[in-house]
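Listed next as structure tokens is one chain, alone, in the form predicted alone.
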Amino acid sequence: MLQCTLGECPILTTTTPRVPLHQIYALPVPIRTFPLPTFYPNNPISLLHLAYAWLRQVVSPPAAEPSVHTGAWDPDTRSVHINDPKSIRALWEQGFFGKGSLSRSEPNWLKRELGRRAGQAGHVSEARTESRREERRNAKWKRAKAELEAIEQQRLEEASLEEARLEEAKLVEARLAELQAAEARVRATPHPAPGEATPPRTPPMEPRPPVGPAELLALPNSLASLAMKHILVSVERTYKPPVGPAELLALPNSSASPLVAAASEASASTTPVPVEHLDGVKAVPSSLANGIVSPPASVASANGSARSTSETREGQPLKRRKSVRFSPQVESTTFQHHDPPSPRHSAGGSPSRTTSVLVDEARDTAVVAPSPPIIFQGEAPTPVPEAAVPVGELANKEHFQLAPEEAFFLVFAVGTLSVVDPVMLAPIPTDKLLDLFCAHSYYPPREISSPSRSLQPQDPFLVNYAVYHHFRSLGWVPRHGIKFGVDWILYQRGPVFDHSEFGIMVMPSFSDKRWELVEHEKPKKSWSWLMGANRVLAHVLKSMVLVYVDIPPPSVFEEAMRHNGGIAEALKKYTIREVMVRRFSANRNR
């Protein structure tokens, strides 16, 4: 198994120059060829070129690589597992075959984990995807914030304009009212008769400042109004979370409640129970038993023992209410298969690491077993080791997975893979491997050793492999498309260079009339399924392609398998037709 050190692993070194992607992923299949230059009889110089190339390959041959990679069949995951690092890199970089068991596609779990432990992000696809998603989230958040600020600014401007208009209207109404009142006073004033003296006019009353206590208290924002506001605010109760040790222990169902209950029972029967420790906290007052904080009321008796004032009544159980508390200390995020269901409880259901009261029959006292200390606010939690591996050394826990179609293509079409039986540890022949893959294409898997079991032309594996072989031979890079609800997705060059453009749905077709005489299972596809899958692909900017596979009748298939060359001749009887489906929109497709 591959092991690397944080300071010495070549994955994290940044001083090495970056190789262009078109050089790393130059080969379409895991086959390396070294052809010699062409010899032209009418050109003697070509002979020198041929001799130079041959001598160069003899003197300094290229780096040796495994010509045939080895993988083991896993019936549980229905895939072929590969653990050799050189074979993993060769199969991924030369054709984008398979995927990492702990990665999205490229097997880079070790690189991500070493980068995470060293505090570096790492140049991996998952890290780049996460950074792009974070950038998109921030951009959307900033855009939404700007839109909300613009709306709020417009609302404030409209509100200020409305207030100005209302103030102006009030001023106009007040001015009109003053004019009307003045006009009414003028009309009501009696005019003196000719020759009479004009009575003296009373001067208008001027506003006087408030000088009395009642006038001062009647003013707005005075002491009386502020005191009334303070009274109204203080009436509302505010609830705060418990932060102190006493407040935490005063909660119902706290660690003090079961301890005080046991102490009260022991004191009622024989003698009081001295409390030594409680989860690392010394001398917990018994007044915290029922969640009520009260001053300590321990009274010393004649024999020197202390009796608690919060004892429960005889015959009545201690009332406890349910509460939820979250611990600031996270112990572990990794669980092993041999761990119990709960890390704080054993398989029998009794607490294993919590506070336990052990009654000593000889002394008739209660002994509290020590447990991990309680961490209160303001204290630093004790760090927990992240993993059981030594510091600075990490083993690669990821393996490489090949789908049955990919594995059979590498075995049958390319010849660069050997699949090993996990029980017998022997290579599986091609015909036996075909029977194995066809049997596991059903659920549950069918028996291979059954005499009635033979290859059928409508086996799901044969139909899917015909499509996979078809697009691989045309230069496409097909990969499983279960993430998008389709059978395959097609890349023009590979996942490293661009996104997939098409989603493939395999549609078995029994168009031959001889199928009417043979009982077979018909495809079960509905229009609602088609519209749903098309909607998902349209959302991720992909086009749906329905690949109809015309399956040959059993008679033709069996004749090709027995007399005309086996599976290579039988695959030629399958006919493939592609139909692209696009969503119709009344606004766009006019």
Partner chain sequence: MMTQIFLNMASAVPDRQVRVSRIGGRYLVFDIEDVVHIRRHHGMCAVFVGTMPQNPTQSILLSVPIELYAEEAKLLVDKKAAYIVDDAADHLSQLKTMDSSARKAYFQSLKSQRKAAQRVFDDSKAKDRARHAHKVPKGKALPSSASAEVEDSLFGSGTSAPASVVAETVRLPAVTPTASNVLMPSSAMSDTAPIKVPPTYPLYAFLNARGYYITPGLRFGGDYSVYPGDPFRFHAHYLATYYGWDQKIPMLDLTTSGRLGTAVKKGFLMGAEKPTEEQDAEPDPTGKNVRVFCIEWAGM
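Residue numbers count along the first chain shown, from 1. The structure presented is a predicted model; accordingly, all values stated were derived computationally and were not measured.
Not on display, but discussed next: the form predicted in complex with the partner chain.
No residue in the set 57, 59 and 62 has a non-hydrogen atom no more than 4.5 Å from the partner chain in the model of the complex. Site annotation in the model of the complex: the residue of 483, 513, 145, 136 reaching within 4.5 Å of the partner chain with a heavy atom is 483. A heavy atom within 4.5 Å of the partner chain in the model of the complex is found for exactly one of 563, 522, 539, 32: 539. Taking non-hydrogen atoms only, residue 487 approaches the partner chain to within 4.5 angstroms in the model of the complex. Using a 4.5 angstroms limit between non-hydrogen atoms, residue 39 is distant from the partner chain in the model of the complex. Residue contact with the partner chain in the model of the complex: residue 466 places no heavy atom within 4.5 Å of it.
Within this chain, residue 52 is remote from the site of the partner chain in the model of the complex, having no heavy atom within 4.5 Å. Residues within 4.5 angstroms of the partner chain in the model of the complex, judged by any non-hydrogen atom, belong to 529 to 537 and to none of the other stretches in 24 to 32, 39 to 47, 529 to 537, 548 to 556.
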